[in-house]
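Only one chain comes next, encoded as structure tokens, the form predicted alone.
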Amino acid sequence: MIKNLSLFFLLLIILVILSCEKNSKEEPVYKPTPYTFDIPFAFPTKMNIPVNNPMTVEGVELGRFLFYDGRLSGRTHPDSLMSCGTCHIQANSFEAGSNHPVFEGGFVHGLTGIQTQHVMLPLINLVWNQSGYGWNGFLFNDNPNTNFRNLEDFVRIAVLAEDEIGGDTTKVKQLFQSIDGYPELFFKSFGSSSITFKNIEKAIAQFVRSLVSANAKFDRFLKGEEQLSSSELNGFVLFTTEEGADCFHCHGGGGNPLFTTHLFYNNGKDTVFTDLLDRFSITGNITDKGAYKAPTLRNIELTGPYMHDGRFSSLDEVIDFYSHHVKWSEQINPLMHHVLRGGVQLTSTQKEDLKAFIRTLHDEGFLTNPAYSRPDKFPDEQ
């Protein structure tokens, strides 16, 4: 009897071992491919990639699908579809732009019809942003007073906000869980086919961090591959000197290929500050009243209207403002050196030269790169 029981348990153990080996062979392997970031010439080496969301080829691919999939609203009715790509148009440097068929004046609105507080900022080279997102920097990595700190959180805000997608995160993750192809992509990206909104945030953030512009005419000039015209060179000198247009303090210059410091400035647009969402609303520092982020000037001719409230419709208007209409207040940034005479006082020729230089920051490859474009098919259409 004991001998038979021993034989029985031995056979049972063998069957368990064989079953485990079989299951281990059938279990898919989670091995995402690290995303290779080739840092462009003269660009910073320090990037804002969270330790808990390393970029992978699979994660960026999934993020691209989610970025453009209108079902990110958590709805499937054709009139209720909305995604990041609805407003962030690649041809406009991932901003709505002045020519959007629905959104006028640079302001966008969600499915509710509620208009956003500020005009949009472009999604460009944000992997190098270390100092907060949004016009007032309300998302900030090192801010201990908020749970919203990075691009991942921006995704959640965009989905929930009534003036943007106005969705429900639970419905969103449940919907994508039911769509063929998505669970497999989530497994390949994050090791689990059970979709969480946290992983939706991570995937879209990875895609946005992959959006890099570094091949404008000025980039090729820095590498010795192309020459600037005399007007463009004159504009470059104006851009990078205090005696000229004095742009470089806030927007960088030849030594700052991002063409923004990612910092916040009161640039003399107003003397009375009524907007409750300026930089002061975040810091409580009185000197931050009327201060907003200096946006990148890359592809700037496509991202109008300009300033946080879209008050200027063209580059000519912006250049004219900085030349003649800067206003003094106690909160104006000290870098606005020419405020006491109303601006930098550029001549008409200098204005044209400055605009010619700014146009050398146009990166056509960024606007047409298929890796950044809307997919031809979504996972359930493959």
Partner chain sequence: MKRILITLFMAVSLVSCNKNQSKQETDEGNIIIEINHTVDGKQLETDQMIYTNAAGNKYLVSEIQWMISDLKLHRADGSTILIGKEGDIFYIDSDIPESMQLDLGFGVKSGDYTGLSFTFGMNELQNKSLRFVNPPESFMFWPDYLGGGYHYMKLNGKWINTDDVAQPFNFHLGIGQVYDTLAPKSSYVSRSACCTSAHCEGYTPPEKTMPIIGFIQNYFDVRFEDTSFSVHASKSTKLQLEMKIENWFKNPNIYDHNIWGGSIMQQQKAMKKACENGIDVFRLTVK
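Positions refer to the first chain, counted from 1. On a predicted model such as this, the values are computed, not experimentally measured, just so you know.
Same protein, other form: the form predicted in complex with its partner chain, not shown, and the subject of what follows.
K.L.:
Counting only heavy atoms and a 4.5 Å cutoff, which of 52-60, 347-355, 318-326, 66-74 contacts its partner chain in the predicted bound form?
P.N.:
So the stretch in question is 347-355.
K.L.:
With a 4.5 Å heavy atom cut-off, would you call L340 a contact of its partner chain in the predicted bound form?
P.N.:
Flag for L340 set to yes.
K.L.:
Examine H118 and determine whether its closest non-hydrogen atom to its partner chain in the predicted bound form is within 4.5 angstroms.
P.N.:
Heavy-atom contact with its partner chain at 4.5 Å: absent for H118.
K.L.:
Considering non-hydrogen atoms and a 4.5 Å limit, does its partner chain approach K31 in the predicted bound form?
P.N.:
Flag for K31 set to no.
K.L.:
Would T36 show up as a contact with its partner chain in the predicted bound form if we use heavy atoms at 4.5 Å?
P.N.:
T36 lies outside the contact set for its partner chain.
K.L.:
Are S98, G110 and S313 jointly within 4.5 Å of its partner chain in the predicted bound form, each by at least one heavy atom?
P.N.:
No, the whole trio is out of contact, none within 4.5 Å by any heavy atom.
K.L.:
Within 4.5 Å, heavy atoms only, which of N256, S178, T196, S281 is in contact with its partner chain in the predicted bound form?
P.N.:
Exactly one residue meets the criterion: N256.
K.L.:
Along 163-178, which positions have a non-hydrogen atom within 4.5 Å of its partner chain in the predicted bound form?
P.N.:
Contacts from 163-178: none.
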